[in-house]
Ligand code: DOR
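First, one chain by itself in structure tokens, the form predicted alone.
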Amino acid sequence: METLSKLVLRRPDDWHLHLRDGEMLKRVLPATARQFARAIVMPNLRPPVTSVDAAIAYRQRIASALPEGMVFTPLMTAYLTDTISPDELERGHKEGVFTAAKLYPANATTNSAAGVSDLSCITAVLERMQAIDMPLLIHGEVTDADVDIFDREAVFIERHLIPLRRQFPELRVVFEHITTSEAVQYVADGDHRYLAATITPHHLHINRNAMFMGGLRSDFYCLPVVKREQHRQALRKAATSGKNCFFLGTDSAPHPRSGKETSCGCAGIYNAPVALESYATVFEQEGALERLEAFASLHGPSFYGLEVNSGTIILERRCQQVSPSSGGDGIAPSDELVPFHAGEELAWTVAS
């Protein structure tokens, strides 16, 4: 079989992204904008984005941080709390500010302390979201101390996601950054008009052994944590299956080296610099390169009811050595970012 020398794809979107704020935003935004036309931007700032005005202000800061000559559209989200107003969500959605709303179970991940303590607290919010067709994005983990961290996603499905979707059957739900075979099966068996899932590049490449290979590898610590090999294989089959319920969401989550290499390291993997190349590697390994465009560029817009992008992007079969760190002029070593695949060689490169 002839080896492809390049891939031409409809320009893709990232349906799950952390851009942070301030100087970090300025540092990481170009890595995403060079590949993706749009991205669903997570609202877990400090303080979180819980109002229309806060989302507008954040969107403007993103626009101001975008380097000249780059074109990128941030799709803003609202951070759900126990007390958020349904009217505020509806106003933001109708005015084109909020594309979706994000459900973080309280204390499930980075900057989620203000998240939802019990789904019963947001019944009115979910009713309104279903009525106005506003997507709900879910970090699907329970936070109970008695549940093993590797089981938290599967338990969330049984305890919360199944009852939620039974109560709100026409609420569009994105089960974000799924990590288990249970999640794959649940989404695959669902009504794909109302249920979809994003899959990250790191959950396709590594299993939980990676966190302990040769010592404690904090660069591979993320939430939800990577799982056993059987789950990684299930995710790879799902991503490359061609099913429209699975699409690209990097969950790129930058933390400085000082935040990762500490006694209580931060959860998150910064994969934006080589995200598309990372996905292409998996699709090629699975013999499914012809399905990459649908996963990266078509399924997400279809679920969100948006037009696909008009431009294209080219992946060239040209080896690149991934930098072991992302610094810059005046950046102290403690503030460096360690990208996913650091020190590795990837066979694909996004054409400049």
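So that there is no doubt, residue numbering starts at 1 and follows the sequence shown. Quick caveat: nothing in here was measured; it's all calculated off a predicted structure.
Keep in mind the form predicted together with the named molecule is missing from the figure; the text below concerns it.
J.: Quick one: in the model of the complex, does every one of 18, 139 and 223 get a heavy atom within 4.5 Å of the named molecule?
T.: So, yes: the whole triplet contacts the named molecule.
J.: Among 184, 199, 274, 253, which has any heavy atom within 4.5 Å of the named molecule in the model of the complex?
T.: Filtering the options by heavy-atom distance leaves 253.
J.: From the list 115, 268, 74, 135, which entry has a heavy atom within 4.5 Å of the named molecule in the model of the complex?
T.: After the contact test, the surviving option is 268.
J.: Does residue 281 reach the named molecule in the model of the complex, with heavy atoms at most 4.5 Å apart?
T.: Residue 281 lies outside the contact set for the named molecule.
J.: When the contact criterion is heavy atoms within 4.5 Å, does residue 110 count as touching the named molecule in the model of the complex?
T.: Result yes; residue 110 sits at the interface with the named molecule in the model of the complex.
J.: Does the 4.5 Å heavy atom contact test between residue 44 and the named molecule in the model of the complex come out positive?
T.: Yes - in the model of the complex, heavy atoms of residue 44 and the named molecule come within 4.5 Å of each other.
J.: Name the stretch: of 127-135, 164-172, 253-261, 74-82, exactly one has residues whose heavy atoms fall within 4.5 Å of the named molecule in the model of the complex.
T.: That would be stretch 253-261.
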